[in-house]
Ligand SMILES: Cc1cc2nc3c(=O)[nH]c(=O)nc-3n(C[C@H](O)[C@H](O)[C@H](O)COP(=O)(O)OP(=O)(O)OC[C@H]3O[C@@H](n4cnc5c(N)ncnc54)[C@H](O)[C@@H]3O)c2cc1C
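What follows is one chain in structure tokens, specifically the form predicted on its own.
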Amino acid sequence: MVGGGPAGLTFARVLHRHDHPVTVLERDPAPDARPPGGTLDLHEKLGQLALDKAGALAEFHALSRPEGQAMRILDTDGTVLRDWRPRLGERANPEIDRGQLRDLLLGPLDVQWGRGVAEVVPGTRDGVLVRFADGGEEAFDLVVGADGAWSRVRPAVSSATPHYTGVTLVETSLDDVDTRHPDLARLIGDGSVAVYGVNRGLVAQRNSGGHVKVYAQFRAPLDWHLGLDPADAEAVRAHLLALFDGWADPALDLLRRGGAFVHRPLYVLPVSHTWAHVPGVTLLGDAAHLMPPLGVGANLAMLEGAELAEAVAAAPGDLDEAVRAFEERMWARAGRWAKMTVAGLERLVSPDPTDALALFDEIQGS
């Protein structure tokens, strides 16, 4: 397994549960080598099902935040347009911090940290050859690439590369929000608050421990930040405040009070990305079907990891056929979700902000 994210760790946990050997290769030198990212809502029939297969669902329920399912949408003038709150006992999509999920999944696993992969070569005499960034190499019976958007495993099976969607996110954050920014804490509530305008939006999402992630999203060329020093927080802040000029102060305060800013252009793979099956190599998650971050990607990746692990554990005598059959199922399901999320991004960051509101109405009503 190449990649120690949600997909790779779920795959490894399910194999571990079946007493099947697995090696997890992760390029980061340690679990806490970089910030783990924001919060995830894990769906009952996707991410939670995967955790159940891994024997980790009870731990998830103990850590997750059902109250984080709350969602409030404002107009750019500050008017509250929608205010959805979860019912008592509602556990359809509870939130969990990515770092907490990572630690939960790591559990008993033995991960080889600092093992960056440079290249994967299938069809060698000894199996699939993995060449490492440090110059070493090792052969495996099966290499699973769960190494994200810019996967080093993907070229072994596909020539596809991600392309820019035309939408960029700029992320900032607020710490100790309940004490330091009580007005914004009330605005955000227990879950998220979102404001949508013409071709842009602001979203703030509560994480655990009083931490809030804020995302400015807008349509722009990939080089929109030319002339800006990304490390100059005040220059980036001024640019964003000009971009959202005229919006209500509570929304703009999410940008005014944020710390450092991180540029995150959104890339996707083709909606119908597939490949000719290559014995001994396959892909999961973003490596296989990078799609807009609309709450599905990690869920889908985790379920794929769990299902592939079950298939591998159940077919030691015909591993290649098990992987081939898994790929066919993955492609069909991922294609449907990719189509929906690409269309969803078009509606969320749209010339007509009512498209975003209508999309949420449909989701909440389903």
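In this text the structure is predicted, and so the values were computed from the model without any measurement. Numbers for residues come from their place in the sequence shown, where the first is 1.
Although not depicted, the form predicted in complex with the ligand is the subject of the following passage.
Although the partner is absent from this view, Val236 stays clear of the ligand in the predicted bound form, with no non-hydrogen atom inside 4.5 angstroms. Leu174 falls outside the set of residues with a heavy atom inside 4.5 Å of the ligand in the predicted bound form. Although the partner is absent here, Gly78 is not a contact residue: none of its heavy atoms lies within 4.5 angstroms of the ligand in the predicted bound form. In the predicted bound form, the ligand sits within 4.5 Å of a heavy atom belonging to Gly116.
Contact with the ligand in the predicted bound form, judged as any non-hydrogen atom within 4.5 angstroms, is confined among 247-255, 146-154, 227-235, 175-183 to 146-154. In summary, among the residues Arg98, Arg219, Arg82, His277, the only one with a non-hydrogen atom within 4.5 Å of the ligand in the predicted bound form is Arg98. Although the partner is absent from the chain shown here, Ala7, Thr39 and Gly295 each have a heavy atom within 4.5 Å of the ligand in the predicted bound form. The partner is not shown here, but in the predicted bound form the stretch 24-52 reaches within 4.5 angstroms of the ligand through a heavy atom at Leu25, Glu26, Arg27, Asp28, Arg34, Thr39, Leu40, Asp41.
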